[in-house]
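Alright, here's a single protein chain in two forms, structure 1 and structure 2, each given by itself as structure tokens.
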Structure 1
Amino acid sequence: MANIKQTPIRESFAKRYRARFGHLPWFKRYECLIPLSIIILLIGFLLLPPLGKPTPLQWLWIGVFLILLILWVVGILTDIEKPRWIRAIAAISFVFVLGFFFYRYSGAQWDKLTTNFFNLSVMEGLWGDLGQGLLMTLKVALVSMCISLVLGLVIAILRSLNNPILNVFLIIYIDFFRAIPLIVLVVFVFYALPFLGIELDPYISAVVAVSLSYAAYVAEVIRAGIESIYRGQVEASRALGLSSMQTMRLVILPQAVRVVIPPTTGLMVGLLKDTALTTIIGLPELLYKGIQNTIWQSNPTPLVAAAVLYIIVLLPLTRFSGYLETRSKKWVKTAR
């Protein structure tokens, strides 16, 4: 190292401080964290306003309290040397305080929570109605799924023929339906087309709009799947003497299907979610029923119930599609 000039090292204040007090940054040290927690507790018990909408000055105290709390939590959670139970306490108290503040200062009348949001007596006799809405949602979703999958597959196959003239029309189709917000399309089909003499009832309008829109997405996903198959695969199978149909059937499709299924599942879950948009044209699906009953009962319990039903149906499905996607990523990694 003789040929390299030795430059003097500038000692910063932080360096000198750390040389004296050890390397832990100040906000992670117990000397700092313990007084901080005492201050936080003091502010929390003495200065925070009671239940109800706070005044501006009280808001300021809430802000100071939150900033100190965040400092405290970050100081603890970013330090892997702190014991587990302290980290767990920090995380829980952080979430708990946020929830508690929302409870206390959002100005909500929590005493009305059960009568307004979870009022089971209001729901009496409405479950059947909501159930019918859910059935309609599922019906629209299933029919649209079938149509959009078939249409998307046809478009993807036509696209894979690589005909320049046909591609112009297909790209126009795909770009158009991917760019237009689905709700605009739904409104357009139901409200604008009748002026042209094309009158479709809400159910048909919903199916047409949703299918046309999702066919474009499906087509793109399938095309990406086909293109993702490594070119060497085609060459290898042709070299083995497989015909182009056999190559497609035995080599490309089995691989493409594995690549395509996870994103397609995600799309279909999205489709099911998006059927809620058709409520705007008065299709009696789940959300529409929830809102109708909310208006009739002048109590939002039916809407809350509809939301809960959506969550119950959709949460497992989103989880499932997410699971498929992570699994396929792993699969792609091992294949490469």
Structure 2
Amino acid sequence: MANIKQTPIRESFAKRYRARFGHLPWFKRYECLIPLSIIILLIGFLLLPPLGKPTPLQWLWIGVFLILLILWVVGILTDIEKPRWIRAIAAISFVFVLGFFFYRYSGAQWDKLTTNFFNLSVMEGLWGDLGQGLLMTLKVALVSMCISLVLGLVIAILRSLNNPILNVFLIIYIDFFRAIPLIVLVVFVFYALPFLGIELDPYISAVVAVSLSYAAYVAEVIRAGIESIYRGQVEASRALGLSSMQTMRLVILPQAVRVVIPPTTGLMVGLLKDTALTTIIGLPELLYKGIQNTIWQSNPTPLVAAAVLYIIVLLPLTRFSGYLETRSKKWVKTAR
């Protein structure tokens, strides 16, 4: 009888123990993380070298410190049961330490940072020139977007016809332009075609190269969207007397658009960034203007300004692409 009465007590204790400790690996428990935090702090304050070039022994202590820090961060971030504020502190601390180490041991001349990279006096009279470069970048990007979207849509629709002979040529086009680097294509169009008597100015060369390259990617995205539509809808449309093109225009494409808009928007953001490659053929776009003014002023501040303009234009587009992707996932779940 004594054993029978003790069994529930033992089971209850075991359950409480497993609920407190057993569900976590040892390196995720506070009993491990707190001493590890103390060790990391002691190494950081007592053994890390001062500002300057570390010796081999000092590099050893830096390595030990980073390994322990990584273990500490991994133990916290991989435990979803820990409070969010603790995980946020761990992530921020890791980023801060990496930045601090780069500042402390990289050997860079940080006293020259403001003068060489953020010297606003150098930018006097140059903002208009960079603005013209930005307009050229947007001009190339917008025209290339329109051409690549139309051409990609046509290729995707033609591929959906499943014509074996036509598909051979379409697949060759898609594989070729997806395989060749865009910078090689830009150089080839501008520098090689004149040997055949086809001379294009830098703007036309950039638009042709970028449009041909991205049309191949757009075609594959749209084709995937078309194939994601349930085939029963196609059969039902044909049973109602709709032709293949009517089915594509009235049934398939309206549904596929919701699926392909997020990845297509991401592609267009990439297209806008890749216009910077056209600087190699002398197109006066934003990067070209930044490099040109950097050389004239013997100061990289214009190049930093060009990078800031890229970020101002591209960051909202990137966030918008993420928003569209989230909305698309919700729509797909609702449709199912």
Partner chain sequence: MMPEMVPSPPTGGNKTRPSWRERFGHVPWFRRYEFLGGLFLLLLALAFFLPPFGRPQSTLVWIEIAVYFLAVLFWVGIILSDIEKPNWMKAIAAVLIVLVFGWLFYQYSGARWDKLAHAFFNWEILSATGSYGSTTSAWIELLAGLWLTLQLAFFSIIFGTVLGLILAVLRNLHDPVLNFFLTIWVDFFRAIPIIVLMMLIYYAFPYLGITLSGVVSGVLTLTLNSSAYISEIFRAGIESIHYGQVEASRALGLTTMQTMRLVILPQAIRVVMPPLASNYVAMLKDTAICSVIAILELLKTAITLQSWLANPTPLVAATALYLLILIPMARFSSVLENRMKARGVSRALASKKG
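Residue indices: 1-based, along structure 1. Take the two forms, find the largest set of C-alpha atoms that superpose within 1.5 Å, and that set is the rigid core. Note that this is a predicted model, so its numbers are computed, not measured.
In this comparison the chain labelled structure 2 is the form predicted alone, and the other chain is not. Comparing the chain between the two structures, the hinge between the two rigid parts falls at 111, out of 142, 111, 97, 73. With both rigid parts superposed separately on C-alpha atoms, the smaller turns by 14° against the larger between the two structures.
Core-based alignment between the two structures gives a C-alpha movement of 7.4 Å at residue 34.
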